[in-house]
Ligand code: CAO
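As a starting point, one isolated chain is supplied in structure tokens, in the form predicted on its own.
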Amino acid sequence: MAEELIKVPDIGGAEGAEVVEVLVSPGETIEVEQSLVVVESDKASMEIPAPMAGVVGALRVAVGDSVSEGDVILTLEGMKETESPASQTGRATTAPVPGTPITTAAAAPLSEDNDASSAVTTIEVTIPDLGSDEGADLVEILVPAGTEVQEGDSLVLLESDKASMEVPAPSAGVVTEWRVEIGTTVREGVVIAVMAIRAGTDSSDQVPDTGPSEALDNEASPNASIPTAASSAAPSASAEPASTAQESMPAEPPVTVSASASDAGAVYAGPAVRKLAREFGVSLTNVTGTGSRGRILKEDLQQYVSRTLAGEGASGGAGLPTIPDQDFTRFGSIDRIARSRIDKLTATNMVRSWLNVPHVTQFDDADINGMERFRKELKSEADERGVRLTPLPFILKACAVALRDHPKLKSSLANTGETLIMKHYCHIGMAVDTPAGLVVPVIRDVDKKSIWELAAEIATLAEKARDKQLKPADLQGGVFTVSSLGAMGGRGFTPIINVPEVAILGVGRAAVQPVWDGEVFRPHTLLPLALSYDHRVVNGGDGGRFLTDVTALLADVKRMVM
């Protein structure tokens, strides 16, 4: 099998770019244009794409390595003879250093008395070779018009799908005019700004670096001015009066703005993440990165948006104020324990349900004296079958029968709120407490199964849940949920609806209590029930009738088969 060396392509002349993230691993199958590594220089961050598809062999670089054009990144096997535009480094033209503009200079002497050394020249700052014909978005202008900059200072921030790049000033001078706006798509050669520089500092002639350029204001007299683009386009043959020159100066003093002052530039994120953040309308300064060296990943951005919509993020989707963090170490020693994925997902779902669904909870007690006697009578048969017969199969069966007669409680509300989705099946979820958190496996067709079948399936699903063996299909399709906390204690609770369902039954701990039968108080085993429902779909009458039917079915188990 052919093995190819994948090398660093032309990265705009950047030498010693650092590998900040490796995005593939040995043995992984990759596609054309899939990002392989992320590299950063002092002026640009870019993802290097695969020039062809294949299987990654050996990695030749690691995070922290310094690479330049031509260095081997990895070996690739099973190549397809397809190259991406990013890999075509053999172009006839030579790519300039990222951000190095192509300039045009025109002499514009201030006055007849000025010598050559004090003459001012205007140049056009253009977009350098971006390594692609698709262009890049201008996402930020880093200095306002009238700002004095030094050679190499960043002027604008560009971003494409694969790289972000800052275009530097070609020379010391003053930015007199911007020719582009934020959001513009620019390509190589597009003029983005006009600069005024002192004669002799134009970098378009590739003058060797002799040190930092001196600021214009440090040497220029108070009356010396820098012409605007209009004045440089049609210079006057005669010298302008000093007063006219003074008027052409910017009204406010130049202020240097660094790239780090920007929200987008102050964070550590790749161009794909930045583009996604712009689409979401999210400021990356609010997102915490989990990648290497705090780099913000797409997953970080997606989780931030999810938390915000659920009301957990900063100023969440519900407009709720955030709860400020506290430094608990002031009061004593603490431990920080990472929450499990199930815990975090459960929290997000519960917040979403509580904020979006108007909950109403109704309470009742089911007299299960007869059911408990019936269970004890079946104990020997349960032992023979190898099944533990708990009250839960009876509760599920009672709910299934009641749902048949009250189908609204197993419906779902369409997103528009205009229609109800009525379901002709009866899959009921049961909440299971596991070491990793709460999960809700779903038992299919409860209305069609016997008590013995339900008891066996409950035991199987509960064991799979505790062993983390549940499949995605085991957790989907429920029309109603039963959450039983009886074994753990507690007379009752108000369960939160498992959306998109519209109702959930909470079961407390059964207890023997005195019940008046008209003549005397007799001991009865009562089971506390709490029905929470979505008041947009289920009204009090619907909920009350359903709960009454469930308590009646549990009081007389024979009615379940009628």
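Note that residue numbering follows the sequence shown and begins at 1. Since the structure is predicted, the reported quantities are computational estimates derived from the model, not experimental observations.
The following text describes the form predicted in complex with the named molecule, which does not appear among the structures shown.
This chain is drawn without the named molecule; in the predicted bound form, the residue among D300, E188, D433, D71 with a heavy atom within 4.5 Å of it is D433. Put simply, of C426, A193, I458, I451 only one has a heavy atom within 4.5 Å of the named molecule in the predicted bound form, and it is I458. Considering the named molecule in the predicted bound form, the lone stretch of 479 to 487, 418 to 426, 173 to 181, 328 to 336 in range is 479 to 487 [heavy atom distance within 4.5 Å]. Looking at A510, you'd find a heavy atom of it within 4.5 angstroms of the named molecule in the predicted bound form. The named molecule in the predicted bound form is not approached by N286, whose heavy atoms all lie more than 4.5 angstroms from it. Among heavy atoms of A462, some come within 4.5 Å of the named molecule in the predicted bound form. The closest non-hydrogen atom of L527 lies within 4.5 Å of the named molecule in the predicted bound form. The candidate spot formed by S412, R444 and I497 lies out of contact with the named molecule in the predicted bound form, as no residue has a heavy atom within 4.5 Å of it.
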